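Presented below, as structure tokens, is a lone chain in the form predicted on its own.
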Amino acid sequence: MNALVEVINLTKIYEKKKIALDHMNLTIPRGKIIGLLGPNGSGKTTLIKLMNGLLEATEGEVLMNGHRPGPQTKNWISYLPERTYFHNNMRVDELIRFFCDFYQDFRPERARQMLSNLNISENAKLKTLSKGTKEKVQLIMVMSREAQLYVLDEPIAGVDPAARDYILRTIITNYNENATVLLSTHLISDIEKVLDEVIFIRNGRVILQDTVENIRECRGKSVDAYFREVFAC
């Protein structure tokens, strides 16, 4: 079965009857780097939280390998939230030990190599690091797992352009060919070169799912240009 995640009639309504997801249907295949793209308020983060079991659906369901979100699926998903969640008083080496204890698939040697590549000391406390460096550390922890699905919410938003290239290289070289990376971002032009597919969502619904190659060939434009056209009004 090529489907890794199936989203079936998924609906999420918050208080005051705000509809975040509106009977969404979506299939996420294995072995792809996929851009989850849409304007603010389109439902990207809500979808990501539902996939990770952090919210409960109002209606419908999301399945990973046929399972609803729970302890089993948490072992398969490596999640990078939009905001840094590590405690500022922790040292980097303490984070490595924490991830080793918490995730059986965590590879500390991979994390240490990436930290070394960025000249980030394992003895450094997070509170001494810049915002951008903290985000790099968090990404390194997430990408050092042998997950089936990496869900990255705005992984390059807070770093400089030079660091973005390193982060993108980290993403594409640190997951196995059967895993999928789902990458939500507003910086489409920066990530387009690593994407296999894109999903456009608006008002809680999927309005397009296509390969990057097909968009370029059939639309005659980049994903970034086509996104601007679709969401111009």
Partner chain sequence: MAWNLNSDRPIYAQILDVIQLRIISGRYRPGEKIPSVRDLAAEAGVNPNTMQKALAELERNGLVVTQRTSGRMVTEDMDMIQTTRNKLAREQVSEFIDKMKELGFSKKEVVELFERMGGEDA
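This is a predicted model, so every value here is computed, not measured. Residue numbers count along the first chain shown, from 1.
What comes next is about the form predicted together with its partner chain, which does not appear here.
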Note to self: Counting any heavy atom within 4.5 Å as contact, can you tell me which stretch out of 200 to 208, 25 to 33, 60 to 68, 39 to 47 lines its partner chain in the predicted bound form?
What the structure shows: 25 to 33
Item checked: Any non-hydrogen atom of S222 within 4.5 angstroms of its partner chain in the predicted bound form -> yes
Notebook entry, point to check: Taking heavy atoms and a 4.5 Å cut-off, does I188 contact its partner chain in the predicted bound form?
Noted result: no
Notebook entry, point to check: Is there any non-hydrogen atom of A20 lying within 4.5 Å of its partner chain in the predicted bound form?
Noted result: no
Next item on the list: Output the sequence-ordered list of residues from 193 to 216 with at least one heavy atom within 4.5 Å of its partner chain in the predicted bound form.
Entry: K193, V194, L195, D196, V212, E213, R216
